[in-house]
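Only one chain comes next, encoded as structure tokens, the form predicted on its own.
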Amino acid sequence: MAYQIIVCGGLAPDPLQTLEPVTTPTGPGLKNELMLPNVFDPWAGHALYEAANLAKNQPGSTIKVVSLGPKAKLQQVMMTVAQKLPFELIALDGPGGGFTDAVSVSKALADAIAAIPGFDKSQALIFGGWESATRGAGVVMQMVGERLGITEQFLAVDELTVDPDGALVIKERVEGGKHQISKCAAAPAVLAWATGSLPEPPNHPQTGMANMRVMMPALQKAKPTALDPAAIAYAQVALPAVTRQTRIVKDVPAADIAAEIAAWIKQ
């Protein structure tokens, strides 16, 4: 079975950088945000690597990546991602980061997917991150699916296999460290990935060169995408406060100390 695999993935500031929220004229943002190096969102990265594995095992399948972010940042990040595996980029030039509204983002992504030439919903698998490194809304992929009319949705996916009859067997995380096994008869489906089970592919310069031949024109033609600035409002943005309470004691049994700590946590 050949699939049209579409991976939704945004950008995130490099987690090794110091991130400090500030209030800007257009709303909350990060201090020196334009200077911060970006990476492809790690959650979306797992979805992309799983898409590559599925496409390799299902001849005729294609991979497209739909990404919303500032065009200059997209170019910087995609030059690295392009060396990992073959895919076609659909770039949306617009705001990114952790302070964008999930509803507006899902609409932009769904509209871009629906406008893909030759898009066939009956063959579509929409991949993306269950969460993201920039915000923990956890709802974007569901809303993308609903806007596309795809109601078979699976969240916190760790594994996907295809039966000989073409059915999708999906392993999802549930509470208690357990997994739920689901079977979906056929595409279309939305899969929001957790960590998956595949490592990051090694760089392959020849793949990168082939990707960049079509990626650069796609970036130049990136559709300007404005998100609704009034869709969400933030009263305040700040780093989490650090609280430390210290008391020095002597000759107290370890069990009593543990009980006191447990009682303090419950408070």
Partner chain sequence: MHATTPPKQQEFLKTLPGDDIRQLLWRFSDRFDLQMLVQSVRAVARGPVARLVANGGRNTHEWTPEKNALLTDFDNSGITAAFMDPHEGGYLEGPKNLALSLIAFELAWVDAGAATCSLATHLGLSPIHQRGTKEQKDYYMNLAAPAPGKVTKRAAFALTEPIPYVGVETGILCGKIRIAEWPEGGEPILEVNKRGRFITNMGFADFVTAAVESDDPRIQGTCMVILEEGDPGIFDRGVPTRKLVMQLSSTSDPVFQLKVPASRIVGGYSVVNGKIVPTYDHGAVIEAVFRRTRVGVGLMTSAKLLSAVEPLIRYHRDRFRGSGVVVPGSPRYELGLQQKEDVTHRLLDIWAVGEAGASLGFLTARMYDELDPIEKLKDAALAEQGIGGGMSAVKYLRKRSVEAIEFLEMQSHHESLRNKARYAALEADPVIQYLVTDGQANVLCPATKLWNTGYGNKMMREAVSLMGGYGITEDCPGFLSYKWMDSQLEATYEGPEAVQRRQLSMTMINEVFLAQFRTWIHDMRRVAATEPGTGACTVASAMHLWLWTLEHLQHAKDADGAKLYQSNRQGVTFPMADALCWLLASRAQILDVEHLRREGAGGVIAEGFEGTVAFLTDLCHIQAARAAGEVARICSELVFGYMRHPSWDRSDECSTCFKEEELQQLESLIPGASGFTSEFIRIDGSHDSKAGPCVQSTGLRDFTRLRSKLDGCLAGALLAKDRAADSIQKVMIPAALDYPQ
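Numbering follows the first chain given and starts at 1. Because the structure is predicted, anything quoted here is derived from the model rather than measured.
The discussion below concerns the form predicted in complex with the partner chain, not included here.
- Under a 4.5 angstroms non-hydrogen atom cutoff, the partner chain in the predicted complex has residue 212 among its neighbouring residues.
- A residue is said to contact a partner when one of its heavy atoms sits within 4.5 Å of a partner heavy atom; residue 104 fails this definition for the partner chain in the predicted complex, lying far away.
- Mapping the unseen interface onto this chain, residue 80 counts among the residues with a heavy atom inside 4.5 Å of the partner chain in the predicted complex.
- The shortest heavy atom separation between residue 31 and the partner chain in the predicted complex is within 4.5 Å.
- Stretch 71-79 is the answer when you ask which of 160-168, 120-128, 71-79, 105-113 has residues with heavy atoms within 4.5 Å of the partner chain in the predicted complex.
- Although the partner chain is not shown here, in the predicted complex the stretch 3-32 places heavy atoms of 16, 17, 18, 31, 32 within 4.5 Å of it, in sequence order.
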